[in-house]
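Heads up, the chain below is alone and in the form predicted alone; it's given as structure tokens.
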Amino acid sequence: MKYIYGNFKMNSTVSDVKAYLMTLVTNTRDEKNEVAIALPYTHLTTAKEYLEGSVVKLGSQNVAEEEKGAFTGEISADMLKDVGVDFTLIGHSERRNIYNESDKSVNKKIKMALAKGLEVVLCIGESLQTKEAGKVESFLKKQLEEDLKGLYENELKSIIIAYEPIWAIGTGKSATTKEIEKTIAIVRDIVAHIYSEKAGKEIVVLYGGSVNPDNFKSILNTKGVNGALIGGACLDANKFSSMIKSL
């Protein structure tokens, strides 16, 4: 089974997404692969209604690290669970880089989400500067060790890792399949080092970063890749459905 996850980022309105979801639900009715979509907070209640009875999983793009309290503007895991959210993205590079979210914060968010019964898509990835300095492995090792700190191996069954090199996100420049295969193998080795060889083999790893209809199949056929986290190319329901169906 492959895992095809879409991330809307800050795009569309609730009015727009209704037609989108009707199309996506219709086009994925008999889908055997896992299809999921991470939407803005404002869309979630409406989306849950439209996705009822479908194979499409519903996710948020972030979650608060605290359970409740005086945190104006934050959305808690309980709130997300209450409106029917299945999973949440955590640690997307845009959250890390634009909003200065640290690995410590990411770690707290993962623990909070899991405690409340939400699945987690943990986003990791290096900058172009790190890549050119030849420090990809050490960077990802530090990121994963800090993000997964204090988590038990059995909790990994509720975590998906999305490897998204920052230099490939929204740039139109995807990593080559050779680069993807090499780095996904590194990610699995790091997980194996932290936990066990079994954990390294079984963890679900997605690739994200300028995934589009032209490179989608070759990326998903790359050794070690379980699926894709798709940004811009998921915003058109028919295009997104066609990519899923091409499998």
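Throughout, we count residues from 1 along the sequence that is shown. Treat the numbers as computed from the prediction; the structure is a model and nothing was measured.
The form predicted in complex with a small molecule is left out here; the points below concern that form.
Proximity to the small molecule in the predicted bound form, defined as a heavy atom within 4.5 Å, singles out one entry of Met79, Met112, Leu144, Ala168, which is Ala168. Checked against the small molecule in the predicted bound form, the candidates Ser210, Thr28, Thr222, Thr183 yield a single residue with a heavy atom inside 4.5 Å, and that residue is Ser210. Figure note: of the listed segments 151 to 159, 96 to 104, 112 to 120, 169 to 177, the one touching the small molecule in the predicted bound form, with heavy atoms no more than 4.5 Å away, is 169 to 177.
Taking non-hydrogen atoms only, Leu24 never approaches the small molecule to within 4.5 angstroms in the predicted bound form. When the small molecule is considered in the predicted bound form, Glu126 lies well away from it, no heavy atom lying within 4.5 Å. By the criterion of a heavy atom within 4.5 Å, Ile230 is counted among the residues contacting the small molecule in the predicted bound form.
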